[in-house]
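Only one chain comes next, encoded as structure tokens, the form predicted on its own.
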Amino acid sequence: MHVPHLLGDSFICEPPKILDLEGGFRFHHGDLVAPFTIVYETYGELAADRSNAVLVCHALSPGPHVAGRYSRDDAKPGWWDGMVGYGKGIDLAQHFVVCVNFPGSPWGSTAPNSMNPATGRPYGSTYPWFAVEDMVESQRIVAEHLGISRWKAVAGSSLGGMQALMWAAMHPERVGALICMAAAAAVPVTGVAWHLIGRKLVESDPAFHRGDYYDAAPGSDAMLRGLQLARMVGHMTYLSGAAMEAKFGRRRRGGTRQFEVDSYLEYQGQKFATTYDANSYIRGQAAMDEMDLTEQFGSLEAAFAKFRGATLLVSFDTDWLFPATEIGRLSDHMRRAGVPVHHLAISTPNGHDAFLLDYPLIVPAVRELLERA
């Protein structure tokens, strides 16, 4: 029996796991990258009948490290530690949680910054433009590897929530329940526009070199300034007007003419650009924008026609990226398709990022859904 090593309100988790695909990975648009590595993490104990497995899908910027700390010296736990853990919304005393680093993400799986064995250089601009279907396929491959034929639930938020919806549409018989937060069946056009601005900022940076920038000197002032600016634009879609007013207002920094919000955005952009990969960023955003279940299946009713799992959709009234009206519309279509869906509409000043902050408002509904599932 698995005995957890608790650490305060978190726990010590196992290191990431590696699945090597010698035959490579075939992308949705036809490209083959071989060999190919998929990195994933697991938490909790898998039941003998494999009935307690929950797939958590990560969003654009985080990776597969969902919860826990690798050691007691870690500065921070996984990105959804407030939701996944012992006694939390997705309770590891009852569930076995899997999170797969999707193809193209820079957190371990083969990505644009990985070495191409055929050239001895990073893939860079030659790396395929991936789709949400590729994320789902990598998760399906890991499920097969672990002997999991059906997930008790698939959960995700933002891009992770879009993956969860894609699972229900592509593999309805393999999903017992669905948890989707701050996401929809397609990115609204305003979100697409913000994403396009961010991608154009990256691509117009002279240091980007059309995606083949890995030989540039580390720490160069010109290095990935476009990615820093793109992250600033992206960060604006994660916050709400009320949150920004409360946090910054029109305050200046230390008696200077610089606004506090300027300093904050510069910090966020620089921090992101030192850890994330620009090729991964523009491809991940493009994958979000490309997904459209209505376009792919003809209608949302057709997309979910064969799915009957209990579904929890969570929206936040200050979310600019995925407005609550979009999630409400998705809920209506799923209900007309025969899906038992509950739309939890939450009022919060925390914007799109509320799924990382408002755990007291979200956890009870998640726990209730998993108990029913």
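Just count from 1 along the sequence shown to find any residue number. In this text, all values refer to a predicted model and were calculated from it rather than measured experimentally.
Only in words, not in the display: the form predicted in complex with a further copy of the same chain, which the text now covers.
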Next on the checklist: Can you work out whether Phe27 and a further copy of the same chain are in contact in the model of the complex, taking contact to mean some heavy atom pair no more than 4.5 Å apart?
Outcome noted: no
Item to check | in the model of the complex, Met115 touching a further copy of the same chain (heavy atom, 4.5 Å) | outcome: no
Next on the checklist: Considering non-hydrogen atoms and a 4.5 Å limit, does a further copy of the same chain approach Arg72 in the model of the complex?
Outcome noted: no
Checklist entry - Do Gly120 and a further copy of the same chain come within 4.5 Å of each other in the model of the complex, heavy atoms counted? => result no
Checklist entry - Does each of Thr42, Ile148 and Pro172 have at least one heavy atom within 4.5 Å of a further copy of the same chain in the model of the complex? => result no
Checklist outcome for this item: Assert contact_stretch over 183-191, 138-146, 124-132, 82-90 against a further copy of the same chain in the model of the complex, heavy atom within 4.5 Å, equals 183-191
Checklist entry - in the model of the complex, which of the listed residues (Leu178, Met291, Leu227, Ala111) lies with a heavy atom within 4.5 Å of a further copy of the same chain? => result Met291
Item to check | in the model of the complex: members of 250-267 within 4.5 Å of a further copy of the same chain, any heavy atom | outcome: Arg250, Arg252, Arg257, Phe259, Val261, Asp262, Leu265, Glu266
